[in-house]
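As structure tokens, the next two blocks hold two forms of the same chain, structure 1 and structure 2.
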Structure 1
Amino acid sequence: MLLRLFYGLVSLVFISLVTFLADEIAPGDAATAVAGEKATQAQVERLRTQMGLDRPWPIRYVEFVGHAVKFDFGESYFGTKEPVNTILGRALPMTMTLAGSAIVLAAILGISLGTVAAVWQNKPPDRIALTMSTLGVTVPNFVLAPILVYIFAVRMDKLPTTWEVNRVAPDFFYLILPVVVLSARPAASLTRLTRASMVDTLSQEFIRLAVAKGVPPWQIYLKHALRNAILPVLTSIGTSFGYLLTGSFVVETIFTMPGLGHAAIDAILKGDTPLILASTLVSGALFVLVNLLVDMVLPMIDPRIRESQI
């Protein structure tokens, strides 16, 4: 467990280092941005010394990390020069709601569809589930979203097309389409994984024993097989969270939802470097933390992992 925590920490350091170095190599620095376009070369140089940008990069990297752990990411270059952490604080709840709901929906859909597919292996339910999961994995979210919006919002007029500041219905209705779109791909890959894992488990000997003992089929599938088959599925929920983060960039843009992705894309279009760096760091850290959490929860479910760790 300690080793796992250590790896998590190393990942965080790696993400921060790559982010910092990418910013170092990229053209332009904070001094040029703060000085503005009209500043002379000498003014920029003076500002650079003032801001401490002329010191060697390892020192500045340590400083960068020191600020980042205190959630101090500096100020935005534009507008009212708002602190970046206020912007992030405003945007994060939206993204967490989106990603959280999507992962729950994806897990429910994926595990149940995958189980159904495995139980009726090579029969129509299996074929349907596999076709749906192939579609879910290959059709990109920004293709799926307009299609669903066209059907449910434009044609049927049942759901709102975009997130609005003045919402006329409960937030739940505004979240339905974005969450469904976001969960499509993880649901599809979890379906495939659950199916493969279940098929594998169902062919093992303890299942044959249970059948021979006369255990009712539903009990075999749900109690004996699924409990054993679900572990790789749970592990992959952590990895699919990475997709949910970048997927929410797209979904937030399509449905104009004021989340982390929306803020990040906005920052990229404007060239607001502090916000770009901060949103990368925060997304990366979230990804590492969620995976850490999954690895912490697994031993609680599976005694085999618990024993192997002692």
Structure 2
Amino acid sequence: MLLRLFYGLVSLVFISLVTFLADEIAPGDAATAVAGEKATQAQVERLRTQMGLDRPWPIRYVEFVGHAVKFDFGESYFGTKEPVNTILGRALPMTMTLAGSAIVLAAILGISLGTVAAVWQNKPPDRIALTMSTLGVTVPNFVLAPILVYIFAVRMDKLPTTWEVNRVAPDFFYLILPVVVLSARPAASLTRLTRASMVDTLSQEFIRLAVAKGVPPWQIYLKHALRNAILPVLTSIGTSFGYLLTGSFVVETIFTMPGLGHAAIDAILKGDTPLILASTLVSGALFVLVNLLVDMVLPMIDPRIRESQI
């Protein structure tokens, strides 16, 4: 576990370095963006000196890492120039609610449909589940979102189209469409993975032995087969969370939700370097933490993993 934690920290350093260099080599810089189009070259250079951008990038990167370790990401370059930590504290709960709800929905749908497909292999329930999973994988968020908005918000007038400051209904109704859109792809992937794992498990010798002993079918499927087939699915749930964090950037922008993804996209368009670096690093840290959590849960479910670690 300590080794995995070390690799996670190395990954965060790599993510921060790549993001920093991408911002460094991009056309223009923060001083140019802050100064505006009408600023003279002398004004831009003076502002660049004030912001410390005239120093070599390795020095600035080391300073950034040193401050990030203390959870100090500086101040935003635009608007009221409030601390980046304040922006993250305001935006992160929305993203966590969205991604957390989406991964729960994706897990429930994926495991349920995958189990049904495996139990009724090559029969109508299996074909329906595979068709749904194929659509979930192939249809991107930016296509699925307008379709659902048109059906449920425009035609049926049952759900709101976007997030509103002055909401006229409970937050639950504003989250339904974004959560469904965000969970579609991971739910489809989990369905296929659960089906494949269940089909393989149901062909094992211990399942045939349980059938010969007269164990009830529901107990065979849920207690014996699913418990053994769920391990690769749990691992995939951890990696799917990373997709949900990056996918939330698109979904939050489509539905104008005040989350980390929306703030990051806005920061990229403005060239707000402190917020870009902070949002990328926080997203990477959340991905690492979720995968560490999955690694801790797996030994609790499968004694074989626990024994191998000992």
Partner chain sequence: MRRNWMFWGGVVFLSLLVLFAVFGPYMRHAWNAPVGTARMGPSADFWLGTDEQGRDVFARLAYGARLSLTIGITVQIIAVVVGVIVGVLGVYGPRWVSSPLMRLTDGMFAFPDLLLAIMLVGLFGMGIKPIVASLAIAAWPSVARLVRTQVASLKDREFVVAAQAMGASTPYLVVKHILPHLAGVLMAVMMVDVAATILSESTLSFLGIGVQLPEASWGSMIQTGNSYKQNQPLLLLWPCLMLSLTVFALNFVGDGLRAMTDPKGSETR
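Counting starts at 1 and follows the sequence of structure 1. Between two forms, the rigid core is the largest collection of C-alphas that superpose within 1.5 Å. The model shown is predicted, which means the values in this text are computed figures rather than measured ones.
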Which of the two structures shown, 1 or 2, corresponds to the form predicted in complex with the partner chain?
1
In whole degrees, what is the turn of the smaller rigid part against the larger between the two structures?
10
Core superposition result - C-alpha of residue 47, shift between the two structures, Å
7.6
